[in-house]
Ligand SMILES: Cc1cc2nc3c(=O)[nH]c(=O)nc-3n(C[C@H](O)[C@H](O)[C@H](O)COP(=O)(O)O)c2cc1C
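Okay, here we've got a single chain as structure tokens, the form predicted on its own, with questions on binding and movement later.
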């Protein structure tokens, strides 16, 4: 019980501090209580001003020993979608609120030579694709792998972001954690591993580390953590049941490709925002599964044991297992199983079984043990909850055709989605993308979205039309031919007529002798682009990573080199500043 005077001071302190500082105070006192346990022999009893007996747990010298001394910390993030950056920013805020010196850098900015001077070093990094680091973090990870000099004075902790749908869950974070440990660093907190609902694990992990630093900085024994990230159970994905209400080809007669507009209507409200993606677990095609079963010498109803469950072979191959573009680790397992020598490189299962046949008498059911689960595929959402209702989700899907060793095949997920007739049932989930949210309503927006990269920008335009705001909108769109490939032409022209879309520049590469792309249209409008950027416009880019996004980056740097504002830094650094400040955002694939 506090005296009235102390209680008044305590309440006044709460009024003058932030929620982040409350979190730190709570963690600090909790850890302090756990560490010190019972009252020391020198504790004294005093009487408070209200007459109640109070406890003073420490003599002045002991109080002095638990005062925190600031710790110097560095938080480095490696991100593809922005989630690691978001968490790092939150982490640094909490470290500073706790009185520590903390700085934040991206893996692209961080100089590995600075590791020798670090005291407390924290890495928050995601994993993408087949266990790969984010593009901007590859040199950071490679540099750690190549490092030989020890880091015996380094104290570190790693928070890994990933997706349990992928076999190499949080692989990059695991590798960084292992490398720092191998180099002699002291791990002060165990590796945190986050699934797609990353905050369920990440936020307790961050609080645990801040709490431990509070104890470390007061020179007492590190407290036992009270909020272990393993105890935080991820809520998992919300899977929506839906009907396909529209599935039509956007291209006109004579097109050399096929792109579809697909509309789904869920049984319940879908929680998403413009910029998010819809995720799907595709099914392997009936014909491809039949070929694999024939090569395995199995029937589709033969029983297979897989991960503790009994499946029919046909269902397991159709719904669960990846049989396309097998990674080399799976090829190696097949090589070990069959004793065959296999040419390196990724292969489809039907090609592997055709070119490297297993010997007579081999138990073909063993092949199922080495195959990995299918991973989800994601499509940018092209609808707006404000304009199209909370139950509808629209997609823009390019139908792919892939030449393989055993013939031409449709893209796994594009072929799967394209095959659904209107009225068919389908399931999907939402993949949040907080780093690709619409800018404030009154901000000007430059959108660069060739091909299916137009999908999120259709969502943005409908959302802005429905919710209002004075921000201007400018779209660059590109495809092959004007007549056959101008996606959403009628809608875009209507947006121009109403004044919602202030500028629209198109590039149709096959309509002229010399191919024209979106970056060429940007060059033609360089002066106006610079004016918009100087006035604070945001730039958003969506579409293929290579070569489109690289070409657009190069063109932006070229245009920015001619600017007459903020000339104290070069164009490349200026573009990086736009990206760091959130005014240049990319969603590329």
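Treat the numbers as computed from the prediction; the structure is a model and nothing was measured. Positions refer to the first chain, counted from 1.
There is also a form predicted in complex with this ligand; it is not shown, and the following applies to it.
Between 168, 136, 191, 71, only one gets a heavy atom within 4.5 angstroms of this ligand in the model of the complex; which residue is that? None of the other options qualify; the answer is 168.
So which of 208, 175, 291, 80 gets a non-hydrogen atom within 4.5 Å of this ligand in the model of the complex? Among 208, 175, 291, 80, a heavy atom within 4.5 Å of this ligand in the model of the complex occurs only for 80.
Answer with yes or no whether residue 162 is in contact with this ligand in the model of the complex, where contact means some heavy atom within 4.5 Å. Although this ligand is absent here, residue 162 would touch it in the model of the complex, with heavy atoms inside 4.5 Å.
Taking this ligand as it sits in the model of the complex, is residue 431 near enough to touch it, meaning that at least one heavy atom pair lies within 4.5 angstroms? Yes, contact at 4.5 Å.
Using 4.5 Å between non-hydrogen atoms, is residue 127 touching this ligand in the model of the complex? It does: once this ligand is placed as it appears in the model of the complex, residue 127 has a heavy atom within 4.5 Å of it.
State yes or no: in the model of the complex, is some non-hydrogen atom of residue 459 no more than 4.5 angstroms from a non-hydrogen atom of this ligand? So residue 459 does not count as contacting this ligand.
Go through 81-89, 484-492, 178-186, 420-428 and give me the stretch that gets within 4.5 Å of this ligand in the model of the complex, heavy atoms only. Going through the listed ranges, the match is 81-89.
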